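Next comes just one chain, in structure tokens: the form predicted alone.
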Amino acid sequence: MKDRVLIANRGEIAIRIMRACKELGLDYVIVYTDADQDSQHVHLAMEDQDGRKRAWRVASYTDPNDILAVADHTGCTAIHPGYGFFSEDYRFARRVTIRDRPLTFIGPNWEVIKSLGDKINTKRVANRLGIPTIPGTDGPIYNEMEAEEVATQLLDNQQQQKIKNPSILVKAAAGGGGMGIEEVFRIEQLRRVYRQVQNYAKRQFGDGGVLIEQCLRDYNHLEVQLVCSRHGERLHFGTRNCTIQSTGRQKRLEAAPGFDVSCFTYDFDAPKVLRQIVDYSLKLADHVNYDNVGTWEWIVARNGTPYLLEVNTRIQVENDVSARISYLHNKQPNLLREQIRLALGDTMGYDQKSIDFRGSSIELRLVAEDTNRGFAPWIGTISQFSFPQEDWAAVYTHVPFDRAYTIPSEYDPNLALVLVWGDDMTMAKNRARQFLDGTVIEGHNNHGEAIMTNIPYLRGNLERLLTF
């Protein structure tokens, strides 16, 4: 029997998974909430009937009982979490694979998700393997004197390295999403800030553990795209640069490869650093027996020093910006397709030498937001939505082209992902500008005010790509 995949996500990623399933000859089922009933992922699933119902309404994308009830009712054999929601929830991954009616979780095995989903554990393992991480503690501190000793050493090291305005970050160890973090510039501030963060951590997370790390400001945010199988095969699909982000650390512009000497004069051997972070990423993947797609996130300082930040044990929004500079048997690969078939037990069928890297690519995230007001979301109804049709561009969107669409207030107002590519970064940038100039997005909110998007922001930041 062929596998049937439950797509436990929404929007553009649900559509991309649907298409990947079709390419593999697999059946699929999607879920949707009331807020998403007008989304294109729902309409496409309803149109693709074959006499079989493929779209099922649920109360929430985050209710595991609802999701699994649909999977059982429709006879699904596998579940694809997409990104967000359940994609990095090891408890959910474990539950679906050990239940009475087990499903294949399309992602790494749950033990790997648990191990690498813990940033403290990831840092500790990386340090043991000699993989560079941000200087600081690799475990929570509960003692004020120990905290002061670590902080003093970190500040002294920065002064010896002649780093301008040296500082450290004091973090709640059990925190996340930017919560419970304070910056310290002088050792005299440490005890007061330590107590403040510790008390906050106890109140919010029930754990007073504190982490202390060097604060890095002048850096680029790079990623390494790995693809691995359950047969011990591991390879990479290059690097990408995700430095341009909103105030909430949400990416807006991404480019591949991770550095380009035509964009900036680096103070280091850029190709060598890219090779280093790829090798380090593969080393950690080998150590933990990583067995599906994954992204190793790095920050690289202006002097070229790389530091492992974290591992994302899922497909990422921007996976295709890496695929567009990768050529497998002379074709740009579909990494979602690779993810699905490898999770279902296939062998890779190729090795690293089979992959060629050519040209440059850029991803533009089109979002309904006011970038001049802290990237505040814009909510309203889109009346016109159209893009240039080019053979060097791809658009992924859940917004329909043939009817009005009201942006749900329940979710981020992401409208589309645009991929452009060219022979080099200059060509890719020029094509990105051309694409943005030809894009038409019209609409109004309840007050009759015209839609606001981040298109001017994207256009204005293209020259910042791959620079310090």
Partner chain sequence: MEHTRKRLAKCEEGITYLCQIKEGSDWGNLSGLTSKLEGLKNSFYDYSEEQFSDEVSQLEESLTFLTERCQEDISPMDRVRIVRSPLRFSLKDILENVYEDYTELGGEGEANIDPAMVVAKANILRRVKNRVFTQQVMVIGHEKGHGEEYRNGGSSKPWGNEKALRFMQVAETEGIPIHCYIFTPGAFPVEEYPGAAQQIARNLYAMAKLRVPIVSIISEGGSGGAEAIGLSDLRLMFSHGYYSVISPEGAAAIEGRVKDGLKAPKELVEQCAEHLKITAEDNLELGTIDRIVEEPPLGAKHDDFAFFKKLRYEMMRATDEVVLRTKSLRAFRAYELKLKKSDDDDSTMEVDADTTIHIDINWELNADERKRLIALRAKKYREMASKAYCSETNRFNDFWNSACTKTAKVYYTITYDILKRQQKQVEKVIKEVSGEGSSFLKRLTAPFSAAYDFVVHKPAGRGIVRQSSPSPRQEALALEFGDTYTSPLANEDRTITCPNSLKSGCKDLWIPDLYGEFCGVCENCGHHFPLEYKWYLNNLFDRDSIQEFNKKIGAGNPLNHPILRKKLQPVKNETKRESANITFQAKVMDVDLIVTMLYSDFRNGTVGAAEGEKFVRACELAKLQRKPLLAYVHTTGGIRIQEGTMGVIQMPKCTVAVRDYVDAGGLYIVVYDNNSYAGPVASFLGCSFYQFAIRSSRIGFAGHRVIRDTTGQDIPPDYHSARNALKRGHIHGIWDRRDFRRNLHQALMTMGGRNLYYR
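Quick caveat: nothing in here was measured; it's all calculated off a predicted structure. Positions refer to the first chain, counted from 1.
One more form of this protein exists, namely the form predicted together with the partner chain; it is left out here, but the text below deals with it.
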Problem set entry | 4.5 Å heavy atom contact, Ile98 to the partner chain in the predicted bound form | yes
Exercise. Gly130: heavy atom within 4.5 Å of the partner chain in the predicted bound form?
Worked result: no
Exercise. Arg91 near the partner chain in the predicted bound form, any heavy atom under 4.5 Å?
Worked result: yes
Problem set entry | Partner proximity in the predicted bound form: Asn430 to the partner chain, non-hydrogen atom cutoff 4.5 Å | no
Exercise. Which listed residue (Asp48, Asp63, Glu442, Asp424) meets the criterion of a heavy atom within 4.5 Å of the partner chain in the predicted bound form?
Worked result: Asp63
Exercise. In the predicted bound form, which of the listed residues (Tyr142, Phe185, Tyr327, Phe264) lies with a heavy atom within 4.5 Å of the partner chain?
Worked result: Tyr142
Problem set entry | Options 312-320, 328-336, 221-229, 204-212; stretch whose heavy atom lies within 4.5 Å of the partner chain in the predicted bound form | 204-212
